[in-house]
Every structure is written in structure tokens, then in C-alpha cells.
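The chain below stands alone and is given as C-alpha cells, in the form predicted alone.
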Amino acid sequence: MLAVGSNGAGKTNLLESLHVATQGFSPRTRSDAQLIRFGEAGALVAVTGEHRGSSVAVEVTLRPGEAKRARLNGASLRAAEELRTRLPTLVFTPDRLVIVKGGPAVRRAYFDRTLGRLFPSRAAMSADYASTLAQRNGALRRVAAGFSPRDALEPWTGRIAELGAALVSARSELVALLSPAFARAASALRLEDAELRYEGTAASPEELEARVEQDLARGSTGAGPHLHDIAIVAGERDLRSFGSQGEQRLAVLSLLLAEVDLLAERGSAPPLLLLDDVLSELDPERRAILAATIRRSGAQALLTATSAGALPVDPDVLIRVTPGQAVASA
């Protein structure tokens, strides 16, 4: 599907509404108030469709000062974010380039979310580690201030080492699985010799114990997966520092396409791809390659552009967007 319209017509709003309906949150902001039209008391996103051969109906209700409410096929969900475990969706927006050019924390968060999508049983690993890390850091500060004995650190040190080792193992496995698919997608888009590399090793209890004095002085844990990075490279160049914006864009697209491939390999239903303004900085050859790759993947995709000519193939559905209205034609 291709949504076209002039700048400011509402193409991104259409894409954002689909993300809210399938993931329970906006890819643009975590402030629900920003999703409600000025002067209105609330907002409703209602979507019907099909997933795994079954009909799907979603409603997400937003009101200022209240938690979002979501219903899936008439049943209320405990939290709107539960939708992300039911309706797989991948999104590209121009600000997603931060996955490549941003700091390590952004990449860790992205790959931890990917880990949860590909391995749902591991979705909580990062949050469990972060919670235990916060407990150990709190214990470090209490010990340093003289409010707790030093042996109060021992249970948290052992637990953080255990959870950290499991998280490093899971992330490393994920990167090893993603890297070949990422390289294939990147090569198809003419970004050659691309690969992913996990940078960091698990901190053992002995290593954590050996650096306790440093940790007490700084009030935080100075070793572990909360400090690791995932390098995104092409031809031995780290694209964070030595990639052009065009190469960074291709790398983010390649990550999404690699995940589509892995989901298919694992027998999962193809995700919904939401690609906002993805064509504007691609040359005609890469636009054609991207369109062909998406079609082969079997994933349903919504792309936005200012004109139908931006896509070098005929879309299955063309949506013309004007302020307050979107009209589709086959």
C-alpha cells in the first residue's frame, strides 16, 4: 500500500494510528496527550483486518490523564502494550536512523525489543536485568553512605552476574542469527559487506567482586551488558561514525528486512511494515529493489510518499491523503 499526499496532509498520522492500533503506543512519542487532536476530549483508533487467517478488530481509546484502554476482538486487554505481542509490526521513520548513529543505549534497547519479538519467552530478560541492576546500584550507594553493611551487596552481585550472563548469551545468539539476514538485505540494497557484531562479555561474580571499590566510589555497577554495544558495520567501517546518512538509512531498512526473514523462518506470520518517508533519499534502483524485496517477503506494507511516482512499481492499493481524509483505490 502506498499513501500519498502533500506535506502536512496527514500521511504520518495515518501510519502512526496503525502503529498505535497494533502495538499500543506511538513510534513518535510516549506522551499519549500528543496523540489527541487539539481541543478534543479524547481519541479512538479502531482498526479491522486479518491476522493468521482470522479476523481482527482492535480499538484503542485515549483520554488525557488516563491510561490507554485497548480491546482486541471485543476483549479488554490489561494494557494497550499487550498488542505488540499479538500483532507484529515493524516501523521505519526518519528518526529511526538513531538506531545506527545514536549511542549504545539506543541500540541495546532496539535489539532487546527485537529479542522479545523473535523469542517471546525472552522478552522480559532485559527488564529483569535492569530491575536487578537498579537494586544493586541502590545497595552500592547505601553501603558507600554507611547505611548498610558491605555483605548486603553479595546477593545482588550474584544475581546480577547470573542475569547478565543470560542476557549476553541471548543477545549474542540474536546477533548471530540476524547478521546473515542483515548482510543479505544490505547487499541487495547495495550496502556491501555489512554485518552486526556484539561487543561485550558477561561479567562474572569474581569480576564484579574485584571491582567493588570502584563501584562503591561511583555508586553504580561498572561492568555488564548495560554497558555493551552492537556494532553495525559495512566494509569494516562502523556506520555510526563513518557511514553517510544514506548508508545509515539502508542499514536500518536492512535490519527490518532481516527481522522479517527471521520471523518467516520461525513460522511466524509476516509482520506489518510501516515505512514513513523511506523513499525520499533512495535512488530509483534502490527504490525498485526495496519494493521487490517487500513483495517477496509476503509482509503487508504501508509506505508514505508525496507522490505516486516515488514508488517505481504499481502499489496494490493507493491511498490519497488530504487533511482529515484518506481514500483508497485498488
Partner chain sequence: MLSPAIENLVAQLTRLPGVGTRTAHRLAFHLLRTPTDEALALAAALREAKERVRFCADCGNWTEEEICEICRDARRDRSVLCVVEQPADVMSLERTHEYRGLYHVLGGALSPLDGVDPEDLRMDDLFRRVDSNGIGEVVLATNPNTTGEATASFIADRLRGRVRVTRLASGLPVGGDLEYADEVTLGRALSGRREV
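Numbering follows the first chain given and starts at 1. Quantities reported herein were computed from a predicted structural model and do not represent experimental measurements.
Missing here is the form predicted in complex with the partner chain; even so, the following discussion is about that form.
Enquirer: State the residue from 190, 142, 211, 184 whose non-hydrogen atoms include one within 4.5 Å of the partner chain in the model of the complex.
Expert: The residue from 190, 142, 211, 184 that makes the contact is 142.
Enquirer: Of these, 238, 207, 154, 199, which has a heavy atom no more than 4.5 Å from the partner chain in the model of the complex?
Expert: Of 238, 207, 154, 199, the residue with a heavy atom within 4.5 Å of the partner chain in the model of the complex is 154.
Enquirer: Every residue in 121, 124 and 132 with a non-hydrogen atom within 4.5 Å of the partner chain in the model of the complex?
Expert: Yes, the whole candidate spot contacts the partner chain.
Enquirer: Residue 101 near the partner chain in the model of the complex, any heavy atom under 4.5 Å?
Expert: No - in the model of the complex, heavy atoms of residue 101 and the partner chain never come within 4.5 Å of each other.
Enquirer: Mark residue 148 yes when one of its heavy atoms lies within 4.5 Å of a heavy atom of the partner chain in the model of the complex, and no otherwise.
Expert: Residue 148 belongs to the contact set for the partner chain.
Enquirer: In the model of the complex, does residue 71 come within 4.5 Å of the partner chain, counting heavy atoms only?
Expert: Residue 71 lies outside the contact set for the partner chain.
Enquirer: Answer yes if any heavy atom of residue 218 is within 4.5 Å of a heavy atom of the partner chain in the model of the complex; otherwise answer no.
Expert: No, residue 218 is distant from the partner.
Enquirer: 243-251, 226-234, 106-114, 134-142: which one contacts the partner chain in the model of the complex at 4.5 Å, heavy atom to heavy atom?
Expert: Careful reading of the contacts points to 134-142.
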